[in-house]
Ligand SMILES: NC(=O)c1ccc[n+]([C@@H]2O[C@H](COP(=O)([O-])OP(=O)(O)OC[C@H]3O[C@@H](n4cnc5c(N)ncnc54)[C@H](OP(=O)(O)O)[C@@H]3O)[C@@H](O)[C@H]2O)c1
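First, one chain by itself in structure tokens, the form predicted alone.
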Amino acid sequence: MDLGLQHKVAIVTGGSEGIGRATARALGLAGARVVICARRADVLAKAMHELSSETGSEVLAMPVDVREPADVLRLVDGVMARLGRIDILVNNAGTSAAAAFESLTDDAWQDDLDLKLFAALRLTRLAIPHMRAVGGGSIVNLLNIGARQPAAGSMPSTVSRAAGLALTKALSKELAPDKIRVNAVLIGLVKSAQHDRKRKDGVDRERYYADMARQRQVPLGRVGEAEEAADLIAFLSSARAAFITGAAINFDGGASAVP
């Protein structure tokens, strides 16, 4: 399927590994020019070289801490200076943070909101004029299923992600006249470097994920692949999804009770 992404320019935050890296790969294979950003310059540079080789597309990397307003501005200015346009923004940066409410300090709340909400707010605000200038664009916000179905001990992430869900819906209506589409993907259990780092030495990776799926009672009986999530994100970013905006799609193997 031709996604109509030839020569489009995409920014993927948290693009050095996991779903972000897989998304950059999917977009690059579809013909887009991709800019990935993350905090660790060495991991980011390695991902850039590998993605360039794997996709044959232009892939650029910029070390950025999306919690810092100056870094976000530098990212957008750098993309415009080097590639001249922005068509796609994938707000993917974020790590899981969950604890009992009474244990959370103001600093913990602020750090989570800065990473998962304010980063997306600032980057989206800066990207909108450039998308408007090229006749439209696509914004995909990566959230998690806790945004709709928060559990005990799931904060601050579920609160930040619920705010991201409201942002997605409100912006989809506000930006529709500019042909800028805004959608969200709500992630359940997906294989990632974050999970891999928690795996104990000597524990087989596939067994580890199979046990995780069983413990979390995922109806499809397995953990999702980053590449599967990336295919959905690439589709939502593409001309094939031109009539989809304001959607929040669960990517969770059927685990969420809320559709």
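One rule holds for the numbers: they count along the sequence shown, beginning at 1. Since the model is a prediction, treat every value here as computed from it, not as a measurement.
The next section is about a form of this same protein that is not shown, the form predicted in complex with this ligand.
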| property | result |
| --- | --- |
| Partner-contacting position among 117, 83, 131, 187 - heavy atom within 4.5 Å of this ligand in the predicted bound form | 187 |
| Interface residue in the predicted bound form among 48, 38, 30, 213, criterion: non-hydrogen atom within 4.5 angstroms of this ligand | 38 |
| Exercise: residue 192 in contact with this ligand in the predicted bound form, heavy atom 4.5 Å | yes |
| 4.5 angstroms heavy atom contact with this ligand in the predicted bound form for residue 64 | yes |
| Residue 137 within 4.5 Å of this ligand in the predicted bound form, heavy atoms | no |
| is_contact(residue 168, this ligand) in the predicted bound form, heavy atom dist at most 4.5 Å | no |
| Stretch in contact, per heavy atom within 4.5 angstroms of this ligand in the predicted bound form, of 120-128, 168-176, 88-96, 102-110 | 88-96 |
| Site test, 8, 57 and 74 vs this ligand in the predicted bound form, non-hydrogen atom cutoff 4.5 Å | no |
| Residues from 120-146 in contact with this ligand (non-hydrogen atom within 4.5 Å) in the predicted bound form | 142, 143, 144 |
